[in-house]
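Below, in structure tokens: the form predicted alone, a single chain.
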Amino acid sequence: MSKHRVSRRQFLNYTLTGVGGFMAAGMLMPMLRFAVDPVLEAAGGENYVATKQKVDDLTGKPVRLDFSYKQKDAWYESEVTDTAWVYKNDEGKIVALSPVCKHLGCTVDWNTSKDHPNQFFCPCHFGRYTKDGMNVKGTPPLKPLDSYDYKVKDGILYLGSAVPHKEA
């Protein structure tokens, strides 16, 4: 027998402290996992989304291309539809531009301004971009349109994420 005896009060105190600790851990662990798991999830490589656009059908005239993909935000998954303006430039390279105006985020359209033909036009504040996505000086946007990374596989255009436009 031990020389140190535990009283009933100490026994109940130890037992209730232990049970309370287990209960607190049981409640805190799911909350901690909920907060930390999305942060620690391994990010995959660059994801490219298959579009319905055949590369051979592209010309020098920009065409609006809508494409959809699944997006996962931490624990919520949704289907997102996005848009790009796609064409082949004079060298035959594919150009894929984001339609989001860099001024206030409105959507630009191709060749819709009668005063400024063959340009991307933002109807919100009359912003203009040249065919290659560069902003026209003296109009509200201060930056060029973003461009999409792309790759071609089996004659189909795959689009990646939009990145800031690289000036030539």
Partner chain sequence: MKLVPKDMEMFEQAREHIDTIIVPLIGVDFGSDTKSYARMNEFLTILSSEIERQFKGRIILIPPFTYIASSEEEAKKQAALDWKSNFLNEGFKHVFFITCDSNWKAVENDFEQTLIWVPAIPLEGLDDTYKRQMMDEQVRQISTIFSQRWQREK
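None of these values were measured; they are calculated from a predicted model. Positions refer to the first chain, counted from 1. Think of the rigid core as the biggest set of C-alphas that the two forms share within 1.5 Å after superposition.
The discussion below concerns the form predicted together with the partner chain, not included here.
Remark: G105 counts among the residues lining the partner chain in the predicted complex, judged by a heavy atom distance of 4.5 Å or less. Under a 4.5 angstroms non-hydrogen atom cutoff, the partner chain in the predicted complex lacks L32 among its neighbouring residues. Interface membership of C124, defined by any non-hydrogen atom within 4.5 Å of the partner chain in the predicted complex, is confirmed. In the predicted complex, the partner chain sits within 4.5 Å of a heavy atom of T81. Look at 116 to 124, 54 to 62, 131 to 139, 23 to 31: in the predicted complex, residues with non-hydrogen atoms within 4.5 angstroms of the partner chain sit in 116 to 124.
A displacement of 2 angstroms or greater separates the C-alpha positions of D73 between the shown form and the other one, with the rigid core held in common.
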